[in-house]
Every structure is written in C-alpha cells, then in structure tokens.
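Before any questions on how it binds or moves, here is one chain, the form predicted on its own, in structure tokens.
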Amino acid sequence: MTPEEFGYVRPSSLAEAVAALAQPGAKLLAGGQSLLPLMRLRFAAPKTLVDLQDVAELRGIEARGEEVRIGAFTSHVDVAAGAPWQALREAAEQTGDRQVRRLGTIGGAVSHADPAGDLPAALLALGARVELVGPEGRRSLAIDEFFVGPLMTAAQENEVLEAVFVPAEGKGSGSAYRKLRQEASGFALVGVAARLRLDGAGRCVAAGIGVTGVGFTPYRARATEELLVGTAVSDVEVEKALGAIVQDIDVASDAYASAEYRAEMCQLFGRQAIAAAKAQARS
C-alpha cells in the first residue's frame, strides 16, 4: 500500500519545528523507521510531516556536569559508539537491523514507546529523563513518567522531544542489557537492563532494573531494585530480588511466548544482566 497524501516541511531550528508542529494533523519525522511503515499500511495518516533532520540542536552526545545529554536526533549507531553506560550501548547495538540503526534515532524510539523496544529498558534502568519543548516552553520528565501505555507517552501533541539525559557514570558503576530476540522482527520477547553501583566493600548502594517485552509498556522493576540495594549481590540475593521482577505486572501472552515463559525468561535474562553489571562495577 501507499500512504495517503501529506504535506512536508523541513525546519532548520527547534523553534521552527515547534511552530510547524502546531499545524493541524502535523507529525514529527525523526528517523522514520517506525512512522513510515505505519503510513504505508495507512495505520497513520498525518496531514504534514515535520522532518527534523536539519535541526542541529537535536544532534550529538555531550557531557553536562553530572549528566550526559543525548540529542533526540542522535542515531542508534552513534549511541552505540559514543554513549555512556554499557547497557545503553548494548541496547542501541541490538535495535532492529543495520538500516534501522543507521537511520533510526533515540528520540524516535523513545517517542514511539514500543512495548518491546530495546532502548526504553536501558533508559529506565539508568534513571534517565527527557526534555520536551513546546509553545509554553521547556519541561523535564523522568523516563518512567514518560511511558504511559503501549505506544503512548506523556508528551503533548505540540511538544518536541529535544533530548534524553542520563547520569554520568561514576566510580563503582556497571550496567548491561540482555535480550531474548524475536528472530523475525528483532524486537525483544524479553529484554532486561541492569545498573549497579557498588561501594568499596562490594555492597550495592544503588540499582536500576528496566524491563521491555514483558508487560504492555516498558517498566522499571522497583521491587527488584529495592531488594538488591544493601546486598553483596550474591547469587542467593539476586534470586530473591528477581522473584519480584514481574510483581504487579500484567505479563503479555501472544503467539510468540506465553506469559509463563516470559516471566521465566525475565528472571533468566535479568540474572545475566545483573551478573554482567556487577562484573563491570567491580573491574
């Protein structure tokens, strides 16, 4: 199928992009790896595409004090090559195929909010935040407040996602992302990202666990995090913490995996991600 007719604008600044988005039926175009297939199937029919590729403010990775800013138009390839945190680089490396990673962007992936997307899990584990710009100015949201449902975010229709901010890596920190891949699509049947910070005695003083592909939206497994903090992250302690990784979650069941299988694999890949994060934190 072919898309319905649409207009096209290509702003050169963030202010111009916000103004263009105010047009009725306007839709932002970042990498296009999610939107364009939906348009070809006529599941999406924007009146105007606002192409962000010339907006320089949306590109690049830059350290800013205790945070690192990643512009929304930064490609998966560039995130994999230059972002902090191993979990974030690994999630970007496992997103889609080579074409998707070359053309797709972190802002597009986050805004699409796919329940089985890779980057949301890593960003949740890292405790990231997003900055949005609209007619009324700029606002910041924690990433776990940004995802509100399947393919749904807290962004307003007239707001542009400008950047994602992640904490700078500190001493004794480690992270990892592990994924059970659906071979046909490349999406995560189960994906778990883990972040740990250990003190000098090897005890966990901070933890983050992000999960994708399991529920109907990516989520942060806070009960598991709480059970890890204060422990030596031993095998027994990890198993106890992972017992809560799908706590209060409506686990998805479909043609690819049952809810029971997903829950079991969530613990398996969570175990792998935590072990890899711990090894990195101790190195």
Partner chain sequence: MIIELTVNGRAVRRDVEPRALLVDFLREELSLTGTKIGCDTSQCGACTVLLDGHAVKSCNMLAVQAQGRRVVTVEGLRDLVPENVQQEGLHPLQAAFWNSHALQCGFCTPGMLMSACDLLSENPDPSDEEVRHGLEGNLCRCTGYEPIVFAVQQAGKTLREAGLSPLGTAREGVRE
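Computed from a predicted model, the values in this text were never measured in an experiment. Positions refer to the first chain, counted from 1.
Beyond the structure shown, there is the form predicted together with the partner chain, which is absent from this document and is the topic of what follows.
Judged against the partner chain in the predicted bound form with a 4.5 angstroms heavy atom cut-off, the residues H112, T153 and E226 are out of contact without exception. Within 4.5 Å of any heavy atom of the partner chain in the predicted bound form lies no heavy atom of S283. Proximity of P46 to the partner chain in the predicted bound form: non-hydrogen atoms within 4.5 Å are absent; the residue sits far from the partner. Interface membership of K171, defined by any non-hydrogen atom within 4.5 Å of the partner chain in the predicted bound form, is ruled out. Interface membership of L36, defined by any non-hydrogen atom within 4.5 Å of the partner chain in the predicted bound form, is confirmed.
Judged by heavy atoms within 4.5 Å of the partner chain in the predicted bound form, the contact stretch among the candidates 188-196, 203-211, 115-123, 99-107 is 99-107. For the stretch 175-204, the set of residues having any non-hydrogen atom within 4.5 angstroms of the partner chain in the predicted bound form comprises R181, A184, S185, in sequence order.
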